[in-house]
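Listed next as structure tokens is one chain, alone, in the form predicted on its own.
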Amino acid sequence: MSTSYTASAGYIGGTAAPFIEEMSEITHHMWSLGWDELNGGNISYLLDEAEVAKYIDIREAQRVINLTFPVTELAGKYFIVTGSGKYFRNVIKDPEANLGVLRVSASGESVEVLWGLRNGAVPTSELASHFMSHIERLKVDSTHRIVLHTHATNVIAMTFTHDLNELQFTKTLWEMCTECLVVFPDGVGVIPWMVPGSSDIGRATADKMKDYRVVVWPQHGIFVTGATMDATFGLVETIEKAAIVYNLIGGREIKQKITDRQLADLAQAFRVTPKAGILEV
């Protein structure tokens, strides 16, 4: 897929910044899959200062947006994020209006807009959940870069019919497709239903991120993290495929499935360690 957009003030030389292209392409993919209707979904991507400086003028901020929650752990770090109220289907047509490159201030109490978020637009309303999740994932994974929230259709459907115990939820997903245990041996976390866009849901999600790369928001969607955009998107794809299979089975009798012994053998073959307390072998 080719991405085209117009260079603007602070965007050096009109050269396509790879992180802007990545965000434009992945949001388009997610919208085309039906996961991000209207203005649903949001992404934040931790960037390297040297990479940003190749394409964006980092010497002076266009404006400053105060945060309602301090993030001193992220002081001085750079992110590209989706904007609040923006439609994923429009990002690829006009990234500058729908995305923003931010730098967290030295105090951690505000963000400086360096590019994008045109016409006074602001970062995603889920910025608290994103920043808090970045903080926790960086503590356990130095390669971490991406936080992605999407309304994956079948995962949402599964939260209506499946017990929300996260160990049971994980095991069911593992049993649906052979690759699942290999792709997410650490399982999935699940939080209770909460009002989105608040610091409370951000803290609850970040608390789960201490142990999981994936957190399910019942009747809402899924928060997924990773080191690269491909790996993070692929994690959502894998979980959504398992949820599709689960929903296709419905209430019908299951005559055969992947057993605990087979899941343990699979983990041994692929040298992954399953989340403790799930398999009975």
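Remember, it's a predicted structure, so these values are computed and weren't measured experimentally. Throughout, we count residues from 1 along the sequence that is shown.
Another form exists, predicted together with a small molecule; not displayed. Remarks below refer to it.
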With a cut-off of 4.5 Å between heavy atoms, is R118 one of the residues that contacts the small molecule in the predicted complex? no
4.5 Å heavy atom contact, G40 to the small molecule in the predicted complex: yes
Can you tell me if E126 lies within 4.5 angstroms of the small molecule in the predicted complex, counting non-hydrogen atoms only? yes
Would H134 count as touching the small molecule in the predicted complex under a 4.5 Å heavy atom rule? no
Using a 4.5 Å cut on heavy atoms, which of H144, R103, K86, K208 is close to the small molecule in the predicted complex? K86
In the predicted complex, do H149, P196 and H220 all put a heavy atom within 4.5 Å of the small molecule? yes
With the partner removed from view, which of 91-99, 160-168, 173-181, 77-85 is the stretch that lies within 4.5 Å of the small molecule in the predicted complex, judged by heavy atom distances? 77-85
